[in-house]
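Listed next as structure tokens is one chain, alone, in the form predicted on its own.
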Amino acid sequence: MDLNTVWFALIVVLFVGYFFLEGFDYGVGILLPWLGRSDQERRVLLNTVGPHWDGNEVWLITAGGAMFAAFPNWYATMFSGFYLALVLMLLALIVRGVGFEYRSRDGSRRWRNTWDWLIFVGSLLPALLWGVALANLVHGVPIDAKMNYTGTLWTLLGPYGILGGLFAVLAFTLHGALFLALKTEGELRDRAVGTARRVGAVTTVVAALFAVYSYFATDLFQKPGFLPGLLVVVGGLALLAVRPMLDRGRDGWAFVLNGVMIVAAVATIFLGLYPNVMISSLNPAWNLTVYNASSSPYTLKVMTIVAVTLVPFVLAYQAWTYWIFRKRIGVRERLIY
């Protein structure tokens, strides 16, 4: 396996980790105004993700940095072509982060309600835009012979892109509800379980529609080998098993199974792309690949040495933070956020 493929695989792992971890705190933000019926309950919801949300975003920063260093042409085409969408996402993430930190610094009901809704928008918009972006990566976007994106923001918002965005919003909302079922107690936990059952049913229908649409609108299932199709089956079975696990009170297994579905969906998209990293809808010869979009072999070699040295420390630190804050949280706990 050459270093171009190794770095493509590492970037996929970073994005998979990002969507698995950040997915549930997007979901908690989306559910915040609906699940928390009092200020105290909303503070409990925020405290379930408070110690983790900024650490989860490190995966995105690392994935973006790795893409910039390993595949500068991919980074340049994607970030210039999806510029408006990414700016909207960045603004939403900033508002959400400020909301986590400042929402409970003032006791005014208007102040807290305003931040609750800003956190909702700041969680919903990135989830939607990530789904739209990933759907467009496999569907193809207008890229010319000079690797320039020639479309607009509206080009990305076709029916397939919108369905991909809706699927992402539902999958992350379900992930958030399952995380809250795992991390809260009493009536709030029961409400989270009920929400997960309802959202899970809708997510299953939309996931099936997205899989069928992908079969006809992309070549995801026509690539050599069996992995993309196998992963879709694994993801579908995992999603179907979430409800039985909830009915048996196995909150942890339900959360893990929905995570498996998210991992399978993201891996299917990137495996279907390879060896491309962006598909040109104008001419297949203008596709960006792991070879024409990459840095020099020397750069990839240096990056590999640095990654092998430092990544284990980062993973160990994040695992430690999840272990430290593993307890369920109730309204009688000391709330920080």
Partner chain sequence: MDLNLLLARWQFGVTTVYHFLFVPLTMGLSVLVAILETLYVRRGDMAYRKLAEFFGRLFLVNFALGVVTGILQEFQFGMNWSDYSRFMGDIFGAPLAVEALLAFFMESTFLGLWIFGWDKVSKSLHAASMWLVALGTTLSALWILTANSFMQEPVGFVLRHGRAEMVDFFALLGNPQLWVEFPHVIFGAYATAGFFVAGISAYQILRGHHPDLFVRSLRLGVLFAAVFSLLVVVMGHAQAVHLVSAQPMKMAASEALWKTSPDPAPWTLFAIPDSANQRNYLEIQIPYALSLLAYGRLSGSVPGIAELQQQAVARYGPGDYVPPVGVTFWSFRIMVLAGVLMLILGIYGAVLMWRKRDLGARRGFLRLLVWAIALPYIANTTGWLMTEIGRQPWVVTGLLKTANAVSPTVSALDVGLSLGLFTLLYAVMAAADVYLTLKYVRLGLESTEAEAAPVVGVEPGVGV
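Bear in mind the structure is a predicted one, so any value in this text is a computation, not a measurement. Positions refer to the first chain, counted from 1.
Note that the form predicted in complex with its partner chain isn't included here; everything after this is about it.
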*Decide whether residue 50 counts as a contact residue for its partner chain in the predicted complex under a heavy atom distance cut-off of 4.5 Å.*
yes
*Give a yes/no on whether residue 106 approaches its partner chain to within 4.5 Å in the predicted complex, heavy atoms considered.*
yes
*Determine whether any heavy atom of residue 190 comes within 4.5 Å of a heavy atom of its partner chain in the predicted complex, and answer yes or no.*
no
*asked:* Even though the partner isn't displayed, in the predicted complex is residue 325 close enough to its partner chain, meaning a heavy atom within 4.5 Å?
replied: yes
*Heavy atoms, 4.5 Å, its partner chain in the predicted complex: which of 203-211, 231-239, 92-100, 256-264 makes the cut? Say which one.*
92-100
*Option touching its partner chain, based on a heavy atom within 4.5 Å in the predicted complex, out of 32, 290, 269, 60*: 60
*Which of these residues, 121, 245, 162, 147, gets a heavy atom within 4.5 Å of its partner chain in the predicted complex?*
147
*Can you tell me which bits of 78-96 touch its partner chain in the predicted complex, meaning any heavy atom within 4.5 Å?*
79, 80, 83, 84, 86, 87, 90, 91, 93, 94, 95
